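Quick setup: one chain, the form predicted alone, written in structure tokens, and binding and motion questions come after.
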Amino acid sequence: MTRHLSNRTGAALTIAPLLLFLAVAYAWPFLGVVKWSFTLPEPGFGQYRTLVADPLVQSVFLRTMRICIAVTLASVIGAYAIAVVWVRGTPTQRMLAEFCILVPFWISVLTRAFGWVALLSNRGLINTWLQSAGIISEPLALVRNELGVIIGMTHFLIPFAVFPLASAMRSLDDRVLLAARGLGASRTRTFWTVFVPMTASGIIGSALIVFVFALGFFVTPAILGGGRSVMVAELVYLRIFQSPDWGLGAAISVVLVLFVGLLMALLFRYVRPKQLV
């Protein structure tokens, strides 16, 4: 019993500096933001009533949810295909998949965003090639709209979605797949009825991670959206630095943080932490 208490005390002392750092660096500033949301420009719940009643704020939240859902679906589907090749492909395929996963981490988000502008703009490579080939007569609207934002965000988030999926796939017992094949199931049926359901925890974890990341995106939507597809993070920036309306910006931030906290609680409710790495 004494040894058990000693181990617990040692563990608590070990993580105490980390908890103190988190409290000073994150909790204390966040409490200041919460205070602003209730006190600026005057004390009360006025800013939260504005969140509910203001059509502009509502439209931004709806757009954010719509974009985040689309990005999550596209990222998880793309990441699933890459993870299958990475985990179950040939050595050459695995090496190529790993290269495609790791290289994006070496490129900054700003560089990637401007790279997509060069590809998707009216005079970009894609529209120029399509017009030169006679496929289209007018440039396609691929940027400065929600489509451009979704493409850029999906490209950035796919590598993050791969790791929970790959972890779930590596934990599979191959004997279950062999048993399904031995009972007469085709490769396609084995994949959809055995392989995919057994990696459901990885799919859920990947989707929640991507969705949480997408909620806080700022640089990519600001560049690829061109001010026409404002998301929540950009709205906070506009309210704090350009309006200025610090109270409303703080209220939006508080709601966003609480929503992310709820999503993270769901993540650890349905997915074991070791399955995310």
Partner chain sequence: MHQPGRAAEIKAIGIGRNFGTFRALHDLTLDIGRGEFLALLGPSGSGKTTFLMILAGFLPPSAGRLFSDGVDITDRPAELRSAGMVFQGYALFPHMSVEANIAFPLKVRKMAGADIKRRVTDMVERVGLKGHEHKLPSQLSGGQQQRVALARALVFEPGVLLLDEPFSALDKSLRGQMQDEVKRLHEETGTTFVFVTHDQSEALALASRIAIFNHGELLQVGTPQDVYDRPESRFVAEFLGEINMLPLTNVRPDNGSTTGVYEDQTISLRGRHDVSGDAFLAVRPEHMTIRTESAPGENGIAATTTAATYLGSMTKLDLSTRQGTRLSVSVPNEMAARVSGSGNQVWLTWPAERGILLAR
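Given the structure is predicted, the values throughout are model-derived calculations rather than measurements. Residue numbers count along the first chain shown, from 1.
The form predicted together with the partner chain is left out here; the points below concern that form.
Peer 1: Does at least one non-hydrogen atom of P91 fall within 4.5 angstroms of the partner chain in the model of the complex?
Peer 2: No - in the model of the complex, heavy atoms of P91 and the partner chain never come within 4.5 Å of each other.
Peer 1: Might G115 be said to contact the partner chain in the model of the complex, defining contact as any heavy atom within 4.5 Å?
Peer 2: Contact with the partner chain, no.
Peer 1: In the model of the complex, is there a heavy atom of the partner chain that lies within 4.5 Å of any heavy atom of I204, even though the partner is absent here?
Peer 2: Contact check for I204: no, nothing within 4.5 Å of the partner chain in the model of the complex.
Peer 1: Any chance R175 has a heavy atom within 4.5 Å of the partner chain in the model of the complex?
Peer 2: The answer is yes: R175 has a heavy atom within 4.5 Å of the partner chain.
Peer 1: Which residue, A81, L119, A180, L140, has a heavy atom that falls within 4.5 Å of the partner chain in the model of the complex?
Peer 2: Selected option: A180.
Peer 1: For the interface check, one of 181-189, 146-154, 161-169, 128-136 should have non-hydrogen atoms within 4.5 Å of the partner chain in the model of the complex; which one?
Peer 2: Only one stretch qualifies here: 181-189.
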